[in-house]
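Heads up, the chain below is alone and in the form predicted on its own; it's given as structure tokens.
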Amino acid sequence: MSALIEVDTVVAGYGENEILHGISLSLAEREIVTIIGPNGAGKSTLLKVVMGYLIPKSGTVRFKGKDVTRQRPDQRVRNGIAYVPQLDNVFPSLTVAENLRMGGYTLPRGRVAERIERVYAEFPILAERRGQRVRTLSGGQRQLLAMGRALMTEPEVLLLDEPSAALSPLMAGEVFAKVAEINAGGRAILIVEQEAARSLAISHRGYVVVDGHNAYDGPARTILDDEKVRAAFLGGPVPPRRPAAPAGDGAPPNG
């Protein structure tokens, strides 16, 4: 199974405040990987490094084998990486359709309408609300719109930062189901998530990050079943295994 994203011993932070201390991870084709850990562990910072919003002090980031450590975010978008931040991921004053058009800014003008229709086919709720102002949508609908807008560029890799944040349990379940569906369509997905158990339940592998270091990694089901990890980060019963697309080598999800 070939790696799409490889992060190798990255050290990064903000000014003199070092957040990541030699962290590494990989994301393979058609794989869902969830990053879990306590608040302030560096999870979101790691996503920003992968997307190019933060240039590491040392270490490398590779996409499909190419060193992209110092590549700009817009170049990474054009190369096939999309990012959905936790906050400010839609334009509330614009309509659903206008938000999707904004997501297609890297596409030739003639392809934008075609891509919007494909997003509507993948997210029927957005098609129903295409002319609606985003500020009138529910939190879950906004999150689906943010993911749909990220898919406008037809990325190979989707980065999701806390996709279930501030959502009801029911709506969070719908968002995770949609993430699994997007993955089944062939896209690799890297997730940072506080709802760790639910995210791991749809994932192939997981990483536990503590204080900017790799603490543990392995098949998602192994992490879910680990008593120490569950006590520290998951809490509650282990969720049932959800159907998900096999990773690139045909290995079953969750190990």
Partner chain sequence: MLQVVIDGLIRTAELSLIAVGLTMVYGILRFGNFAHVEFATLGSFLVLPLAALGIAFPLAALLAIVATGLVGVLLDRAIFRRLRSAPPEMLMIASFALGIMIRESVRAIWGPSPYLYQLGVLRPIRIGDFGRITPIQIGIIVAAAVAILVFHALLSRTRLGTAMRATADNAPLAQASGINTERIIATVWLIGAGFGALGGVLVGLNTQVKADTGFALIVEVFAATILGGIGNPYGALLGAAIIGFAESISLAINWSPLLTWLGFEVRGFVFIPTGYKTAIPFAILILTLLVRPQGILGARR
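Remember, predicted model here, so these are calculated numbers, not experimental data. Positions refer to the first chain, counted from 1.
A second form of this protein, the form predicted together with its partner chain, is not displayed here; the remarks below concern that form.
For the candidate set Glu98, Glu122, Glu174, Glu156, a heavy atom within 4.5 Å of its partner chain in the predicted complex is found for exactly one residue, namely Glu98. With the partner removed from view, the residue among Ala220, Ala41, Val192, Met51 that has a non-hydrogen atom within 4.5 Å of its partner chain in the predicted complex turns out to be Met51. Partner proximity in the predicted complex, defined as non-hydrogen atoms within 4.5 angstroms of its partner chain, places exactly one of 122-130, 136-144, 106-114, 163-171 at the interface: 106-114. Looking at Val77, you'd find a heavy atom of it within 4.5 angstroms of its partner chain in the predicted complex.
By the criterion of a heavy atom within 4.5 Å, Leu94 is counted among the residues contacting its partner chain in the predicted complex. Within this chain, Pro73 lines the site of its partner chain in the predicted complex, having a heavy atom no more than 4.5 Å away. In the predicted complex, its partner chain sits within 4.5 Å of a heavy atom of Met102. Residues are counted as partner-facing when one of their heavy atoms sits within 4.5 Å of its partner chain in the predicted complex; in 166-183 not one qualifies.
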